[in-house]
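In structure tokens, the next block holds one chain alone, the form predicted alone.
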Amino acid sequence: MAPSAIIVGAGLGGSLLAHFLGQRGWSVRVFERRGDPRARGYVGGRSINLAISARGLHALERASLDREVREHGIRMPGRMLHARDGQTAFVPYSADPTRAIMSFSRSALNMLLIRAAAQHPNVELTFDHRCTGLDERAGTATFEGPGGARVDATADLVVGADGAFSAVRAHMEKRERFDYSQHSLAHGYKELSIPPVAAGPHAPFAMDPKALHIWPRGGSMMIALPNPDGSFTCTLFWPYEPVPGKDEASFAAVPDGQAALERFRREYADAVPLMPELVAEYDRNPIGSLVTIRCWPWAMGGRFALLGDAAHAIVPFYGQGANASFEDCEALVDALERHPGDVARAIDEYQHERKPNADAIADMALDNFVEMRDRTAHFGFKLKKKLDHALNRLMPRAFVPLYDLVSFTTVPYAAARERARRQDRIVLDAAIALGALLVVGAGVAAAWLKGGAS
């Protein structure tokens, strides 16, 4: 008899996991609280474009789904930095010009994964059903459908892939010795857009599409990622409240679209002519929150497990949220294959493998927020990137910058962070030693000249 699984959530991670398990002959039931996007279409206004990189592409390749992402995604080999005066500077992500992250629509990728899962006759997708309870002993998940209809489903494996505010995790939180923390940034985000243009050097794109565009402004920023139709999805990251003593934009201080237009003319003047719907979109689109969630354990009862944002929600500033969730799917499937018939052992192995890496990328994503909104505008940032790339070209195996390790390899996040720390210490020690030699050399030269003069 085929092993069975219930997956709560048909988002990116849940849909990919359903596809993986469907490929492997599992009997899978997926329950999603929202409506079926294949029937109702995508409702925008609160979504950040995805940056799919090596980790995500590796998982999609294993699922035989990477071709469409590569064909319809847009390569971004670097950042385009926009200064207040409208000047721009391109900073490559890597010394290797063939390396790039891919801009892809979240809704389009989710639709692709749902359709891939649905093609398996052993995978059943049920929408408009929210999880209302779990029975740990029986391995049962309870759902409430339209009109209050109750559905009880039992399986060998139950996976909570239902996002940052997971109903499955909420049940697990009630157990003793369950650790949970939630850290919300003082910043929120709002989605805006730049439409295609009929003419121009990059038409139908209003700007160079081969870059992630950033308007860094210290305590805040805006980014823009290209879409295949020639538009850009822009995301505005502002504090919710004004920062005392600083004249910085905030959602509280800029209450409506007209006020936003005035603020944009000061902060993002070069973007204003490209955003004809700025006022209407600012008024219409909601403010999203940015949260980091950590918890432990990710598994309970020998058959319940968490995956993706339900286990480790992170802020989007390293572009690794979807990539990390896809890695979770690979790790869980691999563990299940290593231990056929022993779900309890598999999910325990999975959680111990992934937890340190989830914590590492959560920390790095928070650090990268400061880098993107503030440091990218400074000369020192560009100089550091040039030095990193020069060392990487000189010693491609011995020195690999952190961004390359995270975005262009599948080295585990925790190992990548530790390696980058070691490299930075070596470079710093070398710089100090070189500085000391220069000082000593200058002293010797001065003494020799003084002696010669006398």
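A quick note: this is a predicted structure, and the numbers were derived from the prediction, not measured. Numbering starts at 1 and runs along the sequence shown.
One more form of this protein exists, namely the form predicted in complex with another copy of the chain; it is left out here, but the text below deals with it.
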- Item | Check all three, 173, 181 and 289, heavy atom within 4.5 Å of another copy of the chain in the predicted bound form | yes
Indicate whether residue 240 is a 4.5 Å heavy atom neighbour of another copy of the chain in the predicted bound form.
yes
Assert contact_stretch over 361 to 369, 207 to 215, 85 to 93, 183 to 191 against another copy of the chain in the predicted bound form, heavy atom within 4.5 Å, equals 183 to 191
